[in-house]
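Heads up, what comes next is one protein chain in two forms, each shown on its own as structure tokens, labelled structure 1 and structure 2.
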Structure 1
């Protein structure tokens, strides 16, 4: 049973993706009998290549994807290097991890309302400080360089990478390495960068690449924050896929293949840059510099390293607070700092309509996360016992759902589900979520699991315990925390899914996210606010549970406590 699990997991996850990709590749080369495309041709590609704004879209996708990933990594690394082991670090640890659970589109709405010309920030300072009675006419969000989109992605991806770094730090015994380097006379940040970071990076490499792939093909966030003349490639694809002119679907399918190629190209480029950084970094580490006091002292550098984190966190919380305020707002016009009156109308009016979607969302996310956690646990355990790791190539397969742009393969997936009779029913819906939840759970769980010191197990085996007893009595409790966090990540991923729910659920399952997106098409900021708050609360509850449960279970075991 356990032996067949990895294969089964791969099939469960890759089957839909491959079928979906096939269902995209075929029309990309002119084949889609339902629309009269019966022969292979290159026409869709010709149409794609002459589409207005295509090159601008490609450039924009690449620049925003790269910039946001680089910045997110830099912000997280700088903060960890400067503040690891301090009290502020622990505060942020508590503050930032829950941010991971807020869906992208919620953060995007919050940010847009904070920074727009008629946004909260200017309302707070107008007219007394700015003299403005009417909103100024500057272009943000949706600026031509996509900086608002970069900022939005940064707000969402930095907490994710932070969590990944935290998980990795526990595994490489970062504290001790840091202490040793410090005792050798290295300044704190230099010590971290030279002794800790090189061990952490390999563990977070795939998460970083997932962030890169995601940023390159994100749809919902780019819709709210990204430029429109032209938009990013992913948004342009959505426009074509949902055009009334069904013939555009051929061109859209070719575009989806192009989007996939773009992601592959970007990852290749990242890996090349990584090589370069490794070469330069080795030289720097081997140089033996201890971060001496010339130039900017490390004291200043530390505050500089904290600034982006503090600013970003403040922006997210203010943005989310603005959603809450809007959900309670009566009339609220520029430049009033607060609504002219408050009302519970949205909450009470929608109260009945909120329960059912909340329940569906929670059940779906719970189911998908639990199945994913079980499968991943089984696969990893089999890997340990069988002594065979997934080869690098197989691992890349695992990342296919994260790398392939959703909009591209979901049409093909829908055809497969209809054909199997799985559309519009729970198993199909769960399966479609599993496809996206599994990789994230595996990603979150893999490294802690593999880094578990097998000597604990060997000692127990020497004392006469059976392998299963070792698993349940020793390994499972020690890995419970990462397992629960991985499940919470999966839960959050499921909550945020929009397109799979719509496609596999045949529109018959209403989750908080499908309702929120449907309502956001109507632009009602009060309702967006209310649904945003709920979308935030559910995954947050998941994370709170994931953190609280081990702490409570092991409250009497000092060695298993959360913090050292």
Structure 2
């Protein structure tokens, strides 16, 4: 059974993606008998190409996706180059990690509450600093250039890339490479960029591409922060997929294929630009400049490198705090910095409305995370016993659900689920979440699992224990903490899923994310704030449990109390 587990895991993870792509491709060329499409045709593409605002949507998707990814990478690289090994670096490392557990749409709501014309930031500085007695007349969020969406993606993706860089630094021994470069006379930032970054980037290439693909096709965040005329391509496709006119499904399927081609084009363009950057970077490194002789003023550069990180982190925490404040606010007129009174009216009056989506979200996330953890645990154990590790090519398979745009295959997956009788039922919904939870759980668990010292197992085998007894009595307890943390990561990923719940759930399941996005059109800030707070609390509760449970189980064992 253990030998077949990797193949089973791949089928469960990649099967829906590939089947969904095929299921989207067929109606894109007019073939969907259930809706009257009996023959192949190019009519869906003709309808798509003449759709109003299509090219504006493509242009907006490309600009926001590229700009947010480039800015997130630049902010993270600049901060790491300037501050690696310092106390502020370690402080930010601890501070930014919890942000990963916050769903994208929660960050989007927090940003909107903070920077809107009547947002908290202007309230804090009005009227004593701005002179404003009324909200100013500017459009944010949903500005025409998509800058609010770029900022929202930057706030959420920069912490993810930061943690990817941290993991990569451990694999390439960044500290020693930096020290060696410094001993040769290079200034700190120059030493990091010349000696460390070229080793790190190959390790984070796939996460960067995953961020690019996600930014090009994100839906929930674009619904809250993105412009509406035209919207991004992914949002436009969701509108067509949700339209009462079933004939638009063919046009939407063609658009979903176009979205996939757009992501492939963007990844190809990124790789071409990457080759150009490598060529220029090699010349810069070979030039031997150490930074000091040109009077670059690294003190100022370090300050400039830290400023975006500090501002972004502050914006995220203020935005999230504004969700809590609005959920407890009574009357709150502009420009008052705080509500004139506080109340639990939303929490008590809308208790049933908040409770049901919370339970659905928690059960769904718990199931997906538990199944993913079991599958990943079995795959890694088989990897150890079989002596075969994942190659770089296999890693691309692992990242496939993250690289393929969700809107590009979820319609086809829904068609498959209808055919299998899994549409709108718990098993189908759970499977759709598992597709996205599995890669994150595996990536979170693989390094601690592979780092486990095999001498413990060999000692037990020498004393007559069977391999399974070694696993359950020695390895599993020692790896319980990273296993629970990986499960908490999967739990948080499931909580954030919007499109899979919408398509596979067939509108029959309401989660915190789907309800919060639905409320965004209404503008009830107090209720949105309450949903946002619950979206934060659920993943945080998962991480708290992941840390507290091993500590409680092994409270009487000194060696097990430390992190392995």
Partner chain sequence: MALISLLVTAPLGAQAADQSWQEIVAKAKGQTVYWNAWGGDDRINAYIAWAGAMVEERYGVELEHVKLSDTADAVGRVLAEKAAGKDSGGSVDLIWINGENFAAMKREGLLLDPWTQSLPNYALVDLDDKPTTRVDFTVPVDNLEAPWGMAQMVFIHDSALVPEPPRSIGKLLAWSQENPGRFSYPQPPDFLGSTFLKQALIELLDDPSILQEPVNADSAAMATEPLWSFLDALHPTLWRGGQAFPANGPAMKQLLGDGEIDIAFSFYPADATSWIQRGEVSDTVRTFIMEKGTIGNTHFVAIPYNASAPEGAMVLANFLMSAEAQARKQNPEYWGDFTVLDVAELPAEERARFEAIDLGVATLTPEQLSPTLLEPHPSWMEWVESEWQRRYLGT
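Under this definition, the rigid core comprises the largest set of C-alpha atoms superposing within 1.5 Å between the forms. Numbering follows the first chain given and starts at 1. What you see is a predicted model, and the numbers here were worked out from it, not measured in a lab.
Only structure 2 of the pair represents the form predicted on its own. Core-superposed comparison between structure 1 and structure 2: CA of residue 419 displaced by 2 Å or more.
With a cut-off of 2 Å and the rigid core superposed, residue 459 has a Cα displacement that reaches or exceeds the cut-off between structure 1 and structure 2.
Residue 64: CA moves less than 2 Å between structure 1 and structure 2 after rigid-core fitting. Core superposition places the C-alpha of residue 450 8.3 Å apart between structure 1 and structure 2.
Fit the two forms on the rigid core and the C-alpha of residue 503 turns out 3.7 Å off between structure 1 and structure 2.
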